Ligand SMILES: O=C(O)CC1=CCC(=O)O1
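In the block that follows, a single chain appears as structure tokens, in the form predicted alone.
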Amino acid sequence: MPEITLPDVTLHWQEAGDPQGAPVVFAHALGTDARLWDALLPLMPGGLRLITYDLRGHGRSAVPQPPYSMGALVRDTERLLDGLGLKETVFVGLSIGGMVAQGLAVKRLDLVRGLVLSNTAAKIGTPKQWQARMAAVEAGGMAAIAPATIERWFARGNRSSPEAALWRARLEATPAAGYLGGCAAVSGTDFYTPTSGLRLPTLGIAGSEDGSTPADLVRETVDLIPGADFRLIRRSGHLPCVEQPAAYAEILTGFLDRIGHRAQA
């Protein structure tokens, strides 16, 4: 599996689609990994180079000691894209990945020509809420937060599905140190002011039953960027690319076509 070694972390990444296509980069949610996009990628059209990667502390990437800062996560991504020689990507970020997307666009607009902010916000939760979650993990491990997390991640009718069971197992297998590091990064982030200064094609995606970043919160963030579009996926929670991959692919493909990001056959 491809890896890139940075000064303080090694990141695992992979690609699908057309190696010569227009680049689309995907950043996953806290407590997941690059496999979050597995159901979506085969539904994407041709003419695209699809890049997924594991954030530090997640998946097959290295697990530095926490806490992590959002700046470190953005810097990891910046160095990954530079290392792969990528410019003018469409960057799709979900949850903490959407915060990374915002920070990357603010810092390196040369790397991002289009932004997809999925189930995310400029600010998520409060430091007190994140401290409580971190304390639960420190006391009882990842299993201590799994039931409540699945309720936030999946729509009511999908919480007993095979997908929910799979992602609960993957959540519980996430290194506690990596999860705690990510919690610290989100807790310390407020992107309302920098995100309001962005001027680039932007799409917001929300789930109608998202218990982590409700649709109104996603819309509030997307509305900070003039001209941004917003789409709601019904019967979906925090991970619509898992629950409703066909709807997600249709919305994402439409955005890519509107901004002329893929080669037409």
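From 1 onward, residues are counted along the sequence shown. None of these values were measured; they are calculated from a predicted model.
As for the form predicted in complex with the ligand, it is not shown, yet the points below apply to it.
Annotated contacts: I124, W130 and S212 all touch the ligand in the predicted bound form [non-hydrogen atom within 4.5 angstroms]. This chain is displayed alone, yet in the predicted bound form one of T195, S95, T189, T77 has a heavy atom within 4.5 Å of the ligand; that residue is S95. With the partner omitted from this view, the residue of R159, R152, R113, R170 that lies near the ligand in the predicted bound form is R152 [heavy atom within 4.5 Å]. In the predicted bound form, at least one heavy atom of A29 sits within 4.5 Å of a heavy atom of the ligand. None of 162-170, 136-144, 79-87, 95-103 except one has non-hydrogen atoms within 4.5 angstroms of the ligand in the predicted bound form; the exception is 95-103.
The single residue of 225-239 lying near the ligand in the predicted bound form is H238, the criterion being any heavy atom within 4.5 Å.
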